[in-house]
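As structure tokens, one chain now follows by itself in the form predicted on its own.
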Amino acid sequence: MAKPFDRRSFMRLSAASLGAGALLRFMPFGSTANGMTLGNLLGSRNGEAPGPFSIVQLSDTHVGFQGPPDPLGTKAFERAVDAVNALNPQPDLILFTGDLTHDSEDPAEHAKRFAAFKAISGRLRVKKQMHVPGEHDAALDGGTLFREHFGETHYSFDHRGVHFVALDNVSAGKPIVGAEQIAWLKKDLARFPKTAPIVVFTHRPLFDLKPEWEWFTSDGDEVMNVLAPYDAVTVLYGHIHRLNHSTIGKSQHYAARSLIFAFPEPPAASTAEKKPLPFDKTQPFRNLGIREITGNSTRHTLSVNDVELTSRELSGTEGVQQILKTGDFL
């Protein structure tokens, strides 16, 4: 019988951050101790062997937001759509990780913002698009408008041998998933062996990144305890308006950039004020950029490179394809 394999040798994760988020390429590689490829192993246990595919994660578009600290409205979102449409080949699907709209106490106005979001995202060449709500989408009405436009706030699906789980940690009006949804998650995962690759996408981080800034989910530990037995868990989230990568147990957690304004790296001092980075009209897309992450199965390392999404960098006919480079970190 094959020995358990290292979670990091399951897939290569390549991420090119497109303003709001990341182009993620999943590629199984490596062999188990008895020489069986991981694809064959997972195929025999899960019923479908993982194949290479790519997705784009976009987050925090805040359609309807106007004024300081970012007077550009939807311009960065529209720019990200153009960048994604320039990718060749096109990704398999798009994941939107919340705050699609900026909230309004007027339901009619909020409905217009949902319609505006759908008009812009409808320009994407990739039509398979999945969404979870952010607090600005769902906290005021418990997710009613979100469900009217996109369906359920939590659900799951399979793609190329990988199980995707959408979790709602905002619709209760506070950062919580809730007992009912956690029970659903346990039932949803019950049919999968511990070798199954799982991608969770949600809005808030599922760990205490910066609780005093509301960068947390109150029952995130309970959610991660459900996921803990699985060897290959990747969590994609938004909300914090900046890049972040954390390893917690066997799970990898990746935050995407925002498409409206950025927040700074949170300082250690709990009394620090949460303030967006100031808008610079000479560099309107500063802190929005391209990020590429690739894995090395031999060294078990990741390579990363970040490039800001500026007018100069996207002016060429090859668009984002021209500026993917590499750098290394452990």
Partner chain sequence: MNRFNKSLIPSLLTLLLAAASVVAQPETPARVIEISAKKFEFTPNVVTLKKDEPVTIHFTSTDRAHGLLVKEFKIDLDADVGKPADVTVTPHEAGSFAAICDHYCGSGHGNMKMTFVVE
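Quantities reported herein were computed from a predicted structural model and do not represent experimental measurements. Residue numbers count along the first chain shown, from 1.
Same protein, other form: the form predicted together with the partner chain, not shown, and the subject of what follows.
Engineer: Within 4.5 Å of the partner chain in the predicted bound form, counting heavy atoms only, one of 129-137, 245-253, 88-96, 160-168 shows up; tell me which.
Structural biologist: Only one stretch passes the 4.5 Å heavy-atom test: 129-137.
Engineer: Residue-level contact is defined here as any heavy atom of the residue lying within 4.5 Å of the partner chain in the predicted bound form; does R286 satisfy this criterion?
Structural biologist: Close contact is absent here: in the predicted bound form, R286 is far from the partner chain, nothing within 4.5 Å, heavy atoms only.
Engineer: Although the partner isn't part of this model, could you tell me whether E105 comes within 4.5 Å of the partner chain in the predicted bound form, counting any heavy atom of the residue?
Structural biologist: Within the cut-off, so yes.
Engineer: Hey, in the predicted bound form, does E222 get a heavy atom within 4.5 angstroms of the partner chain?
Structural biologist: E222 lies outside the contact set for the partner chain.
Engineer: Answer yes if any heavy atom of T271 is within 4.5 Å of a heavy atom of the partner chain in the predicted bound form; otherwise answer no.
Structural biologist: Result yes; T271 sits at the interface with the partner chain in the predicted bound form.
Engineer: Using heavy atoms only and a 4.5 Å cut-off, determine which of E214, E148, E78, E109 is in contact with the partner chain in the predicted bound form.
Structural biologist: Contact with the partner chain in the predicted bound form is made by E214 alone.
Engineer: The partner chain isn't shown here, but in the predicted bound form which of G178, P175, G143, G73 has a heavy atom within 4.5 Å of it?
Structural biologist: Looking at the other structure, the residue within range turns out to be P175.
Engineer: Taking heavy atoms and a 4.5 Å limit, what residues of 176-210 are near the partner chain in the predicted bound form?
Structural biologist: Result: D208 alone.
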